[in-house]
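Encoded as structure tokens, the following chain is the form predicted on its own, with no partner shown.
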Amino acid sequence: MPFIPHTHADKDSMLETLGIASTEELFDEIPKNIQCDGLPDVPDGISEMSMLRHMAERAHNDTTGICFLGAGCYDHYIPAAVWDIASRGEFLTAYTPYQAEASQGTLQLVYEFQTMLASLTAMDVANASVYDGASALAEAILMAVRVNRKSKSRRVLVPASTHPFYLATVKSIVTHQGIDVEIVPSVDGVTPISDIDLDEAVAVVLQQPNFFGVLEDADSLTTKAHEAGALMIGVVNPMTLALLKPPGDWGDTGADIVCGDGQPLGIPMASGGPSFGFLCTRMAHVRQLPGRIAGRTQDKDGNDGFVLTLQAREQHIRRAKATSNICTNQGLLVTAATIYMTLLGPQGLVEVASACVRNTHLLVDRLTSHPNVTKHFNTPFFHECVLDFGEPADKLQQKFLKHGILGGHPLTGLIEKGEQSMLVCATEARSEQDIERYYEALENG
């Protein structure tokens, strides 16, 4: 059965009832100059059999062997129980929990997720997730502009060391809303805090660790931003927060808004997606937080229950006044992340993050023992590092693939002389034997 099972007769009957001649007349309020006249670049549909064959070929191309790739998507070990539980029908098919009396399980899970993310980031409140880390940053910037109304400008400072995909997404979303995104150049992979001009800035963004794996001076920048009257937006990898100072404790008063991507928390790499984003803030700003918030309450008999306590985003309620219309909730992935964090617990997260740091430093030490390989930046790093290999990174990556190794993320165009550089990463899933195999592939060519 088609997804929309209306016959031509059904459509004609509805149009007659509405008193219009065509479906297009339903959209006559949209100006003609912004309407799209067809989709010429979208090919015709194909049969189900052809589609399955095509996707099988694509899946075969994704078989890469041992993974040393990071750059925002990480090959962590995921306990089998995570997706065994998340794939249960009551989770797999769950949707928006509008009817609290029928959605207690979903609402409780969302509540637990929010509690865990708020604890990890040391913030007061977290929402029920957003689409991904990149759109979460765009939402955070829009939120900061709404919160910091006393600022005379709409100038937001974003370091060049921020993930390039996040930068592209931010520019696509917020610059069309009159927000001036100013890129702050990096020096040796680090944001030069003493040189930043914060005059009339509404907000400052800082990714910690940044895209290059380098550790930034988050404390100093947070304090400086607040002294200048700007809000501080932290972009974080939740796994690293098991070891690093949480953004809620940065500087004297902590970050104001925190966002990031939850892929490290039990979500497979899956060819780059899907994942989920998260967004946290201070209680003082909660009314400007897009998305939904689940809360715990008590019924008349004193029994605990869970409800949706805030839906600041909903178009069906607020329409043009909605705080967002893009912050889709990734419920199934949030379910998996909540199960993952529950299984590991605080100590388990510490052990995973520690293993990531240890393995990446072992990897960097081993690879830089090769005469052609050097570290690109002379700065502390967490569990990713930029290495210069002395030869074109794109070709080198293809050589590694022949050995069954995904060697890293080429940085052509992202840093000076980046055509010979790769961002490498070793999670807890990598062994010393994997690292030695990488070195042998490098040495033997």
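By rigid core we mean the largest C-alpha set that fits within 1.5 Å across both forms. The first residue of the shown sequence is 1; numbering continues from there. These numbers come from a predicted model, not from an experiment.
There is another form of the same protein, the form predicted in complex with another copy of the chain; it is not shown, and what comes next is about it.
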- Query: Where does another copy of the chain sit in the predicted bound form: which of 82-90, 369-377, 181-189, 224-232, heavy atoms within 4.5 Å?
  - Reply: 82-90
- Message: Taking another copy of the chain as it sits in the predicted bound form, is E416 in contact with it (heavy atom to heavy atom, 4.5 Å or less)?
- Response: no
- Taking heavy atoms only, is K395 within 4.5 angstroms of another copy of the chain in the predicted bound form? no
- Task: Can you work out whether another copy of the chain is within 4.5 angstroms of a heavy atom in all three of D195, E391 and Y439 in the predicted bound form?
- Result: no
- Query: Mind listing which residues of 33-55 have a heavy atom within 4.5 Å of another copy of the chain in the predicted bound form?
  - Reply: E48, M49, L52, R53
- Item | Rigid core superposition, S47 Cα moves 2 angstroms or more between the shown form and the other one | yes
- Task: Classify E57 as shifted (yes) or not shifted (no) between the shown form and the other one, where shifted means its C-alpha moves by 2 Å or more with the rigid core superposed.
- Result: yes
- Item | CA-CA separation of Q398 and H54, closer or farther in the predicted bound form than in the form shown [shift of 3 angstroms or more] | farther
- Task: Once you account for a change of 3 Å or more, let me know if Q398 and M51 sit closer or farther in the predicted bound form, using their C-alpha atoms.
- Result: farther
